[in-house]
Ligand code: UDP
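Have a look below at one chain only, the form predicted on its own, in structure tokens format.
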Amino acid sequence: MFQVQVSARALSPFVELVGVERVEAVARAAAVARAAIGPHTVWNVNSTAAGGGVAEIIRSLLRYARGVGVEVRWLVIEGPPEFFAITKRLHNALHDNAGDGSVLGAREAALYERVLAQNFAEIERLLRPGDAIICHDPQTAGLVPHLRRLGERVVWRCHIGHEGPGAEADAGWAFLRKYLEEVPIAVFTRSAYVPSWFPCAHAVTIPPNIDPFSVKNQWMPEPSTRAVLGTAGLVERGGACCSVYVREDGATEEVTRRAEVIRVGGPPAWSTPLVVQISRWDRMKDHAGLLAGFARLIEQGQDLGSELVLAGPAQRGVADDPEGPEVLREVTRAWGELPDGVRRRVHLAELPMADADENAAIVNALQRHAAVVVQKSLREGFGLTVTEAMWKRRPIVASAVGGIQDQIRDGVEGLLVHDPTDPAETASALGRILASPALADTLAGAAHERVRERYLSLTALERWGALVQLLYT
């Protein structure tokens, strides 16, 4: 187990986005919550410090909580590969997906509990009576009974889920149920994700958020975008600008590392329209389905010379996702089976993870340069990459699954694919946006406004402040 350091950040930059009255109201609410919490610490516990949306959400909330004077800290649990194989299986199950199909039985529960008991022994030394602990996702659910026995204030936050019953979802919840039955409060992304056995009075809904001032979402002018992507090897190099970005600590830095890209030939020209999906290498992101949809787009002559970039983290950089390398190999095989004319226009990119801020800058640049951002998931608790692209005023094609249905109204903030398994529907949606700059601009403008109203970290801070305050009343 280790602790992640997060620096404080003031709320004042939000004034330009939402107005001074809104920011002052959040600051007043934060003062009330701070007084209720008193000298205690609010701890967040999860399984990775980088490489996924949960880590980004935690970092965003903690920096602004620290900025308003709340003592918050962040712990990351550790364990052997076998532990993370089990938690990945649980992650898939809660999406009603079989994943690798492995058993979730007594032996797996014993290993799961043993690893979390070891982590708890370290956590216990840091806690003081009266502290609050927010445990994130299936990886940490087994900590809840230990924390409850200490008498600590506990919240379990589930970022994933599936609408309605399903055999795999039921199996996942059956594995986790005994750890969660006595949790005072559980936070879900959508009310539809609350399991039927969980007491409704203990369930709270808070959608995920993005930080508009993080490295991944900060404004990046076009010359810097071009330089960053050129340095990373994702487009042809050109122009005299440096590949600079502003780090989380405010320092100016340059992107220096290159992505590892599987392609035929060189990178696309700057003028080439890019269709971009950025996600973990996860079967539920349906990279193979997007390859099929892009191939259909070209076959129908609707591509307008576009090229497809499937980007994800370098596989050495994500500790809690053991399936990633295998999925990337599967995607690479599917790419290799494409017709030559299609394969030459598809790029599989592993983005460098050695420096989290550098990785975020590359993602930022790639999203900002995209002609269309895609999230063609088969399951999706909530699409953070969708929110990021919406904030950057990019037109979006996404599957009508999970939380994406809350984020995007079809034809208003983006185009939804109602049957993600149909390559023709994906191709049609991509073709409509590529063929109509006016439609692209209209969707992108509405998307930006929806994020400003609903999905910024300021709103999430307000909701979490009210929730934590309840723990102390």
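Note that the coordinates shown come from a computational prediction; the quantities given were computed from them, not determined experimentally. Residue indices: 1-based, along the sequence shown.
Absent from the display: the form predicted together with the ligand. The rest refers to it.
Colleague: Indicate whether the ligand has at least one heavy atom within 4.5 Å of a heavy atom of I278 in the predicted bound form.
Modeller: I278: contacts the ligand in the predicted bound form.
Colleague: With a 4.5 Å heavy atom cut-off, would you call T385 a contact of the ligand in the predicted bound form?
Modeller: Output for T385 is yes: heavy atoms within 4.5 Å of the ligand.
Colleague: Please check if G312 has a heavy atom lying within 4.5 Å of any heavy atom of the ligand in the predicted bound form.
Modeller: Output for G312 is yes: heavy atoms within 4.5 Å of the ligand.
Colleague: At the 4.5 Å heavy atom threshold, is E425 in contact with the ligand in the predicted bound form?
Modeller: Although the ligand is absent here, E425 would stay clear of it in the predicted bound form, with no heavy atoms inside 4.5 Å.
Colleague: Only one of these stretches, 322-330, 351-359, 102-110, 127-135, has heavy atoms within 4.5 Å of the ligand in the predicted bound form; which one is it?
Modeller: Of the options, only 351-359 has residues within 4.5 Å of the partner.
Colleague: Work out which of V363, I123, L291, A370 lies within 4.5 Å of the ligand in the predicted bound form, going by heavy atoms.
Modeller: Result of the distance check: V363.
Colleague: Within 4.5 Å, heavy atoms only, which of R89, K216, R394, R157 is in contact with the ligand in the predicted bound form?
Modeller: Result of the distance check: K216.
Colleague: Would the ligand in the predicted bound form be within 4.5 angstroms of a non-hydrogen atom of every residue among D96, R190 and G402?
Modeller: Zero of three within 4.5 Å in the predicted bound form.
Colleague: What residues, if any, in 1-37 have a non-hydrogen atom within 4.5 angstroms of the ligand in the predicted bound form?
Modeller: Heavy-atom contacts to the ligand in the predicted bound form: nothing from 1-37.
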